[in-house]
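What follows is a pair of forms of the same protein chain, given separately as structure tokens and numbered structure 1 and structure 2.
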Structure 1
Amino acid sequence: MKENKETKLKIEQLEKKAEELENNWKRALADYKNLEKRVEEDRENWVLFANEGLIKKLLPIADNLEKLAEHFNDKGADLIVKELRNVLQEFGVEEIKTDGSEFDPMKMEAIEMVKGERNKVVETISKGYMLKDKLIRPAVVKVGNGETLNN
């Protein structure tokens, strides 16, 4: 009888130990999977933002090509600009929408207040760009001061 109780007690202890080890194993596995995800995200971000320097140098070139295409009304230059913009977009570069929108000091730099609707972008001097959720170049804009154009 005593051996039976001792055996049951030993079995209960071993079951608890096995359950504890299984829970520890599950936690370690979950931690490992989370680490794998984090490392993959970090790697992707590293590659993305490693290109940031190159992208910043390409933006003025894209702007100048766009001005050239507009000035000469050249379809070939238009095509080059479109292809360059598509490549930049594939890498996560997005143009900041400005004309007619509310002035956003987090994404825009106001250089002048002019007649127009208060705190609305009246004119874009230089386009701004985001790389995913990171600002890489603010838009340079003129902002309305609340005076009407008829005054």
Structure 2
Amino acid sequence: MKENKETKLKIEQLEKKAEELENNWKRALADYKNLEKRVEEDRENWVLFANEGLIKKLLPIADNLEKLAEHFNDKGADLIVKELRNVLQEFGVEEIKTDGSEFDPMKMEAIEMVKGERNKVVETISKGYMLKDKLIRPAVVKVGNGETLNN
């Protein structure tokens, strides 16, 4: 009688243990499947965005070079800027169009409100860039507050 009770208890314990282990196994399996999927995704992104770090570091230099070319009004400098732009474009870098367009918080960052047409970009402080449909740097812009320039 006593032995029976003990056996029953043992079975219950083992069943509980088996259930726990099965759950853990399922969880581990799900984690593994997710990991597999993510590794695949990461690999794709790795190919697409491997240059992102380097490009991000080059952008401020491109900005400065552009400013310099503007300042000097020199043909040679203009050529260098053009060359650099072409290289960036070749690697999938695209400039975000801002001047005169509607302010878009998904791609632009507003730093000031100035006189001008409401919710339109009045001035671009620094250019924004997309890398293959991914925003790598938002454009920094001044946005119109609805007051016209005359008053």
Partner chain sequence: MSKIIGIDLGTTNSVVAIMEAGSPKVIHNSEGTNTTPSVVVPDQNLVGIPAKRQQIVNPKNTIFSIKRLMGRKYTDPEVQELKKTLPYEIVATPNGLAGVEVEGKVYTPQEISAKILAKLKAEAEKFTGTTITDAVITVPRLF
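Numbering for residues begins at 1 and runs along the sequence of structure 1. Note that the coordinates shown come from a computational prediction; the quantities given were computed from them, not determined experimentally.
- Matching each structure to its source, the form predicted alone turns out to be structure 1.
- Panel note: of His71, Pro105, Leu48, Thr124, the residue at the hinge between moving rigid parts between structures 1 and 2 is Leu48; all others are over 12 positions away.
- Relative to the larger rigid part, the smaller one has turned by 58° between structures 1 and 2, according to C-alpha superposition.
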